[in-house]
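The data below hold one chain only, encoded as C-alpha cells and taken in the form predicted alone.
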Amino acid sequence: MNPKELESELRALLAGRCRLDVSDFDPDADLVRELGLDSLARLRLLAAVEHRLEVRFEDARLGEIRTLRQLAGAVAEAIKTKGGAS
C-alpha cells in the first residue's frame, strides 16, 4: 500500500469512527484536540486500524500516536515489521 492509499484508508476509518468529514483534516492536527476524541475513543480508533489493516502496534507506541501522520507512520512501520517477520 503506497502512502496516498494508506492516508486515504486511514481517513475513511477516521471518518467512520468520528462521523465527520475529514477530507481536509490536517495530517499534523492532534486527533484528541481537533476531533474531540477522548483517550478511550482514540484507543478504539487504533484498535480499528489494527483490525482493518491487520497490523499490531507496539503497546509502548500507543500513547505517541496523536496525529494522522503519526498513525500512518506507525502503520507503515508495523507493515514493514510484519513483512520482515514472515
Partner chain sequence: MSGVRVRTRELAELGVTLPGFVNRGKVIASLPSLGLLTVAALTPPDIDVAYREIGETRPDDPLERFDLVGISSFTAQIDEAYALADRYRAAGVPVVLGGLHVSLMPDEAAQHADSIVLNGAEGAWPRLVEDFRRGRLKPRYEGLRSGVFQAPNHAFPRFDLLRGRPYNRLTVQTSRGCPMDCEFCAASIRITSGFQQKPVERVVAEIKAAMAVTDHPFLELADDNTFVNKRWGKEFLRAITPLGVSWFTETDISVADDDELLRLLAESGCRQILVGLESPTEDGLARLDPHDWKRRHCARYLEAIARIQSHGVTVNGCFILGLDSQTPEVFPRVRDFVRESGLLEVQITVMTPFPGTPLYRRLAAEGRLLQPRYWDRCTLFDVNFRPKHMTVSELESGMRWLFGEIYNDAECARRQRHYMELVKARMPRDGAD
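Quick caveat: nothing in here was measured; it's all calculated off a predicted structure. Numbering follows the first chain given and starts at 1.
The same protein also has a form predicted together with the partner chain, omitted here; what follows describes it.
Asker: Just checking whether residue 76 would be counted as a contact of the partner chain in the predicted bound form - the rule being heavy atoms within 4.5 angstroms.
Answerer: No, residue 76 is distant from the partner.
Asker: Does residue 50 reach the partner chain in the predicted bound form if we count a contact as any heavy atom within 4.5 Å?
Answerer: Result yes; residue 50 sits at the interface with the partner chain in the predicted bound form.
Asker: Does any part of residue 36 reach within 4.5 Å of the partner chain in the predicted bound form? Heavy atoms only, please.
Answerer: Although the partner chain is absent here, residue 36 would touch it in the predicted bound form, with heavy atoms inside 4.5 Å.
Asker: Do residue 72 and the partner chain come within 4.5 Å of each other in the predicted bound form, heavy atoms counted?
Answerer: Judged by the heavy-atom cut-off of 4.5 Å, residue 72 is well away from the partner chain in the predicted bound form.
Asker: On the criterion of a non-hydrogen atom at 4.5 angstroms or closer, are 5, 24 and 29 all touching the partner chain in the predicted bound form?
Answerer: Zero of three within 4.5 Å in the predicted bound form.
Asker: Even though the chain is shown alone, can you say which residues of 30-47 have a heavy atom within 4.5 Å of the partner chain in the predicted bound form?
Answerer: Counting only heavy atoms within 4.5 Å of the partner chain in the predicted bound form, the contacting residues of 30-47 are 35, 36, 38, 40, 42, 43, 44, 46, 47.
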